[in-house]
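Given next, in structure tokens, is a single chain: the form predicted on its own.
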Amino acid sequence: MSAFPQEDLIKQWTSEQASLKQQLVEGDMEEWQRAPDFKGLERVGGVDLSFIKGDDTNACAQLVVLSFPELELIYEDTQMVTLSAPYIAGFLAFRETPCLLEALQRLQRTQPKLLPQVIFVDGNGLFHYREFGVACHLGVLSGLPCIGVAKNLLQVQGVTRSEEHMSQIGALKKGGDTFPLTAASGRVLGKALRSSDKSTKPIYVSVGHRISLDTAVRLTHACCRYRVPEPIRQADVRSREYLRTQFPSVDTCG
């Protein structure tokens, strides 16, 4: 793809992103979100894409739905997909969201009673170049509460892997401890969370849609058996296993 078409695409996507952002809802909108023990929450979803190593076009799109608080699998959807949109930094959602949204729509059509009440997305929400990452994109298009959970720090809006940042990580002493991800503007765009006592590497949680940051962090911690919340971990494990089974001679990557 030449520079000019990509520039046109960036303009188009920037405009679409800004339009979708107008529909973003920050804050707790459901009764279960306000309950201390999340009473009323029964189904949590997770989505992920896994790729064949060296192939950035064909991927395994995975949706899982787990019971809450047991975190047992009650539904899964596994599909090989071909991604037609190019990868452009800051616009990952335009590449990945369509197939994830299709998985949710299939579930809505076939078994609507199993539709998740909240979705964990392997990526960022408000913690993004223009405060509208993949978790926001999927949340707005699906209308469902979404939480972005990233394993690695996106160095954006003045948040960097500085000495101060590393010092803050060192101050996270136990599972549930957090510190804010504060943009240069002073706005808190997410939180770093030590998800378990055993894991010293934090995860980065941000609002996707229809949930507050504090609730998103609290629920993420409640869904962590290991470093990564179980809905995302299960989606990742199952998509990788599918690729290993279907393409045993090649490596996979998340």
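Sequential numbering from 1, following the sequence displayed. Since we're looking at a predicted model, the values are computed, not measured.
Beyond the structure shown, there is the form predicted together with the DNA, which is absent from this document and is the topic of what follows.
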inquiry  = Does any part of residue 92 reach within 4.5 Å of the DNA in the predicted complex? Heavy atoms only, please.
reply    = yes
key: Residue contact check: residue 153 to the DNA in the predicted complex, 4.5 Å heavy atom   = yes
message = Test of understanding: in the predicted complex, would residue 62 fall inside 4.5 Å of the DNA by heavy atoms?
response = no
key: residue 240, heavy atom within 4.5 angstroms of the DNA in the predicted complex   = yes
inquiry  = Please determine whether each residue of 122, 128 and 161 possesses a non-hydrogen atom within 4.5 angstroms of the DNA in the predicted complex.
reply    = yes
task = Could you spot which one of 100, 134, 118, 181 gets a heavy atom to within 4.5 Å of the DNA in the predicted complex?
result = 134
message = Only one of 215 to 223, 187 to 195, 45 to 53, 28 to 36 has heavy atoms within 4.5 Å of the DNA in the predicted complex; I'd like to know which.
response = 45 to 53
